[in-house]
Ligand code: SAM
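Single chain ahead, written as structure tokens, the form predicted on its own.
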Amino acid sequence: MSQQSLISLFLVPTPIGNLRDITLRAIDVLQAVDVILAEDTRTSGILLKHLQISKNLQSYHSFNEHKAVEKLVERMKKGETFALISDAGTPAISDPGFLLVRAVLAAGLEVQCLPGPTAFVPALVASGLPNDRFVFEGFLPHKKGRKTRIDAVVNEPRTLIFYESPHRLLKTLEQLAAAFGGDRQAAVARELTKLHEEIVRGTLIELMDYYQVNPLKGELVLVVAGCTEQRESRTERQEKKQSEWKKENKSRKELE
């Protein structure tokens, strides 16, 4: 690790499911640092045990990061090296990490992020939707600000990527269908790299119908096609789509 001795913080991606997706370089870094910061020490402990890595493991998550950052930077200034890992995927992507990276850089110390697993990349590529340009929206707000966020991307021409929990997926599909129109193409990628990996593709309405009778579990990524309409104004398009979706949804419920 001589070439990396000047780096104080490593961001190390970990597998999103299949433990064999860890890179050789990631293993080298985890073996060499002084401390591993983990979102959930229990989850990360399973991975480290699998890799036969025994290191000082410290909890670092969204509930303690504001208080922990200053002390961690001080320890780095004294020469300790740290690796930050999340439960799965790349740290700071919809997970804690940004505050620490910013503070470490502000202190004049070095940060390095290793390449590795990130759930939205395989979901996007396998969705069949355009992937030359895309927008990663992460998790939508649970309540306040949710509609505002959705309305802000109604006319977005690039492919949209969302993270969502299984118990909120149907609500999200319904809200997106109301805003974008039920005929907008989308894909739901579930349990990527795991035994029960599944990618379901179709319109927002078709996905709603599918998941009403096929309840899901596990981690998922929702990929939605961008807007292709150009002539009508944003307000006209949105009102038209909402009207069409309401009529279609009403007819569908009557048939049920």
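Predicted, not measured: the structure shown is a model, and the values here were computed from it. Throughout, we count residues from 1 along the sequence that is shown.
The form predicted together with ligand SAM is left out here; the points below concern that form.
- Contact between E219 and ligand SAM in the predicted complex is found at the 4.5 Å heavy atom cutoff.
- Of the heavy atoms in I93, some are within 4.5 Å of ligand SAM in the predicted complex.
- Ligand SAM is not drawn, but in the predicted complex it has no heavy atom within 4.5 Å of L207.
- Shown alone here, A88 lies within 4.5 Å of ligand SAM in the predicted complex, counting heavy atoms only.
- Interface residue among K194, K55, H61, R201, judged by heavy atoms within 4.5 Å of ligand SAM in the predicted complex: K194.
- Screening A178, A83, I150, A119 for any heavy atom within 4.5 Å of ligand SAM in the predicted complex leaves a single hit, A119.
- With the partner omitted here, the stretch from 126-134, 71-79, 158-166, 178-186 that lies within 4.5 Å of ligand SAM by heavy atoms in the predicted complex is 158-166.
- In the predicted complex, F139 is the single residue of 135-151 with at least one heavy atom within 4.5 Å of ligand SAM.
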